[in-house]
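Just the one chain here, laid out as structure tokens, in the form predicted on its own.
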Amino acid sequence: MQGQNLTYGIANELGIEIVTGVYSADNPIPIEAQLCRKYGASRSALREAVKMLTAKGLLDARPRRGTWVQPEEKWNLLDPDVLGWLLERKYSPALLIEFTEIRLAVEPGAATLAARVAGPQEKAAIRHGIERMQAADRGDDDPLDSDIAFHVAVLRASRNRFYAQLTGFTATALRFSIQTTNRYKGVQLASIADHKKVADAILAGRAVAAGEAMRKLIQEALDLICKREALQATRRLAGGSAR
């Protein structure tokens, strides 16, 4: 790796190590000279990587005080990199539930707004998302990528800058959550019919119907996750009682 690639590579490796607990307040990151040797990097490249992680809330650095890991509540969980690193951890039902709860709070509103304000380009992207999902059903596209493309298109169709800012976060987390919920359902494809209800309502300008269709879609996913986790908790409890 060279230049910016080296800097991003260092930030990625350090980010994963921080989020997965290799480094923490109780186990500080090595000093600058050690990290330079570890990554074969100059001090300037390392410092740029530290700046990136500081901006994401994972690190803090002060002259003469060094660099230290910030507590998790300081991390920018809406940053796609941070979320991606969090997903490097052992599977966490709690994280999946929290993410789906955020989707439930955000995406129905975006769908409602999209039905009111989406222009020709945004509507074309939503149609294309559904067409890709239909192609995936035939084996001609990737099921996961096409599903993500649809949800991102709806966020962008809202023409709301704040919803649009969540596209990177949403795409990163959906890659994890869709795989998990599909595994729970025992299928590899999302319900095209349910997604098409959202799309049809947006394209027809039916704002209330669009929001409700999106809410139903996400609520079903959340109910599935919670039901599965409750079942697993019952099994763990039964297993503990049997010992």
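Just so we're clear, the structure is a prediction, and the values are computed from it rather than from any experiment. One-based numbering along the sequence shown.
Omitted from view is the form predicted in complex with the DNA, to which the following refers.
With the partner omitted here, the stretch from 211-219, 56-64, 197-205, 172-180 that lies within 4.5 Å of the DNA by heavy atoms in the model of the complex is 56-64. No residue in the set Asn12, Met52 and Gln70 has a non-hydrogen atom no more than 4.5 Å from the DNA in the model of the complex.
In the model of the complex, no heavy atom of Ile192 sits within 4.5 Å of the DNA. Heavy atoms of Gly40 reach within 4.5 Å of the DNA in the model of the complex, making it an interface residue. Among residues of the shown chain, Asn27 is not one whose heavy atoms approach the DNA to within 4.5 Å in the model of the complex.
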